Ligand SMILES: Cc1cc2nc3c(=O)[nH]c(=O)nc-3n(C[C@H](O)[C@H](O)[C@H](O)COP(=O)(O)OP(=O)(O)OC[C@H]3O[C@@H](n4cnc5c(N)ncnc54)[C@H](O)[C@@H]3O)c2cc1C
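Presented below, as structure tokens, is a lone chain in the form predicted alone.
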Amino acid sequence: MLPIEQNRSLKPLTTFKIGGAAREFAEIVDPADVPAAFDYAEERGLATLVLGGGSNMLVSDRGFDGLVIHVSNRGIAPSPLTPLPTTWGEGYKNSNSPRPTQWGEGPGVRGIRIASGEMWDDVVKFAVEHELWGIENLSRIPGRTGAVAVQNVGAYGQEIKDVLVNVEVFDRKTNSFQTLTNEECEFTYRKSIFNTREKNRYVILSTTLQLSTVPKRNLSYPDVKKWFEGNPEPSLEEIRAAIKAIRDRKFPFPAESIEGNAGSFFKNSLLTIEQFENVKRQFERNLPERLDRLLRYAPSTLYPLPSTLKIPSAFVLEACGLKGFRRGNVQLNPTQPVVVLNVTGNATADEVLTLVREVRTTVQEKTGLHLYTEPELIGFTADELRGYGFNREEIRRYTA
């Protein structure tokens, strides 16, 4: 019998440390129990929310009026193959998913298979300790492994799509266990099928990565490049230590910080050349002292210009004078303003979104940019989101 709790507080299960209670709550340690949890919800007409480490979400003050399925399976293991699990029951064995093919037998190639309940930074630590290259620049990213494929997590020149072989999932549409390849995940910048056209269809249960025993240093990111001036061949341990130090100067690590947060709250802007020219005109009019910095993101030495230009939201917020901006219990991080802090530990979701609305309005007025938000917003109605300034596209995303 699947254990079910009533009125379980979600606040301590999210890194923001904000939010009401789940009407019902199921802890999943064995992936074989996932179908039973969805059956339970369907029989009672309950909405469902799959919860991992709670690092990329803001839960409403009302909480979630349905069943929260908390995936907590554990396990990290080196794996030169991607074998079928032997403990997930006949549902997986009898699925229509093709048997995963062998891989990783070439020189210098190794695989690790990670249960979704594992904390992601522990996975990076494991890889570094086993001299496996490919995810060291993703150190100190919060949350559990089940979430990394959803957003195509990336930092300091590395993205999960570059090393992910497949994910093992429960498919709610076909009621079966499946294996999805890298290509089937349809990765783009901070997107995949899991947070776009197939949102809420799959529950990711494990992730297999292909890593390298041969050094593959990625020191191209400016902060990392500067850190290793004079040391062009740092070790894995040195790179991980550097990434942790660089991130900790900017981002409070949610699992350890006193101030709760959800990681980056605002996405970087990807602009066409025409859109960039519009932003440039706004800077000329309203922020002329920041224009030279803006132009660095479209250097004249690039010809032909790329189809899109990435403008960091941290720069935009700083240019608008919003570093450290505070309203009551909520503040933009004074060192990295894309992070919204529950600075006292007593903030409400309403306070967070009220500040976000004011920040985005200021940015829109001064630069013409609409800053898109990154975390999932849980338990909010369309009318509430409209009141906080979210557009139709965003409302569809958060209420689908």
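Quantities reported herein were computed from a predicted structural model and do not represent experimental measurements. Throughout, we count residues from 1 along the sequence that is shown.
Absent from the display: the form predicted together with the named molecule. The rest refers to it.
The candidate spot formed by V148, Y202 and R247 lies fully in contact with the named molecule in the predicted complex, as each residue has a heavy atom within 4.5 Å of it. For the residues G52, P31, G63, P337, the 4.5 Å heavy atom test against the named molecule in the predicted complex is passed only by G52.
Proximity to the named molecule in the predicted complex, defined as a heavy atom within 4.5 Å, holds among V123, V165, V316, V153 only for V153. Of the stretches 328-336, 342-350, 356-364, 44-52, only 44-52 has residues with a heavy atom within 4.5 Å of the named molecule in the predicted complex. Among residues of the shown chain, E27 is not one whose heavy atoms approach the named molecule to within 4.5 Å in the predicted complex.
Although the partner is absent from this view, E376 contacts the named molecule in the predicted complex, with a non-hydrogen atom inside 4.5 angstroms.
In the predicted complex, the named molecule sits within 4.5 Å of a heavy atom belonging to G143. At a distance threshold of 4.5 angstroms between non-hydrogen atoms, M57 is in contact with the named molecule in the predicted complex.
The partner is not shown here, but in the predicted complex the stretch 110-137 reaches within 4.5 angstroms of the named molecule through a heavy atom at S116 alone.
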